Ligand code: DOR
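In structure tokens, the next block holds one chain alone, the form predicted on its own.
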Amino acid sequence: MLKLPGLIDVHVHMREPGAAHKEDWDTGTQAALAGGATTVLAMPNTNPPVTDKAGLKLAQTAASEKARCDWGLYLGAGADNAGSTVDLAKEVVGLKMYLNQTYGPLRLDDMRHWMTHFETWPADLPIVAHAEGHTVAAMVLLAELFNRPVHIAHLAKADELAIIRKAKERGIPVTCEVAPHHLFLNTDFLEKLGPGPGEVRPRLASPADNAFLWENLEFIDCFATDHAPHTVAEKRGENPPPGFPGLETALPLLLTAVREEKLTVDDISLRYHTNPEKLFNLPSQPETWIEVDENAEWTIRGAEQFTKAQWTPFEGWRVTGKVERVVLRGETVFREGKILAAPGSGVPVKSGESALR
């Protein structure tokens, strides 16, 4: 068995409150454990969004009652909440800014609002941006102007990573993550996936973009799934929402890439545990690890997953590496395909603050 530290997924959508038919904190954290993640950080584009005390309380209550792994929440940056975010900052893992079109209502188009949040959000807590294309460059500029770290979510294209690479070379405090679907899928797969199931933000990029991401992996700080579940009916409907489920497929896809010599096990540990813990200043999880049968070969089937989505863009893919056991704070919480953790047993985590153990 291959032993790895508990994975930290800094970008997931649990859909609760407001869309529990897509996913809730129970099923979502079951999917996390099955994929080897012992900590998940959930995005604020719920209904209602997590932008104020009331929205935060709803999300905290749902997670506290249902989560089976450790969890943290982001606060959403809005056009009119910069003055109140400071009071909630110590309850969350970071501030999320949506600068491009995505699922939900949280999008900031006025750059003056961006700057207001940079001025008011505590300097020691992370700012994470959904940025694409030109807005990536804009975020790099703000990181330099305000001399504070910015983390770019789900980077997908070569020109975006080229900007990040140059910024890093100049010492600008910017980091980034990539989702497995942007490493393993591209526009060549859209015909097979279909127009609905192929909808995701950022959109799937070209094979050349794929290649550039792999060639410049050293400038990518984190692997993060952007687990964004929707039902099969929604994805095949007239107005399909963007997003892929990903918690249960990320690690086997990455381990298959290890077998193909595209990366190493150390690369996975660095980007799926060490860097996330460091960049988001998260408390360590004592006596926590996962055990993986790195030689197990199996076929990905959406209907066999714990997520409510019950589908995957990787349907039918043959992969190598299967999570057999997950130990969280000394307790076996997943073994041989069965969830053993109880609902509500997950511990809340916050950036810069030790969790209660």
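Each residue number is its position in the shown sequence, starting from 1. Just so you know, these numbers come straight off a predicted model, no measurement behind them.
The protein also exists as the form predicted in complex with this ligand; that form is not presented, and the subsequent description refers to it.
With the partner omitted here, the residue from 116, 285, 85, 102 that has a non-hydrogen atom within 4.5 angstroms of this ligand in the predicted bound form is 102. Taking 95, 200, 257, 174 one by one, only a single residue has any non-hydrogen atom within 4.5 Å of this ligand in the predicted bound form, and it is 200. The candidate stretches are 119-127, 268-276, 236-244, 87-95, and the one lying within 4.5 Å of this ligand in the predicted bound form by heavy atoms is 236-244. Among heavy atoms of residue 151, none comes within 4.5 Å of this ligand in the predicted bound form. Taking non-hydrogen atoms only, residue 75 never approaches this ligand to within 4.5 angstroms in the predicted bound form. At least one heavy atom of residue 45 is located within 4.5 Å of this ligand in the predicted bound form. Contact check for residue 228: a non-hydrogen atom falls within 4.5 Å of this ligand in the predicted bound form.
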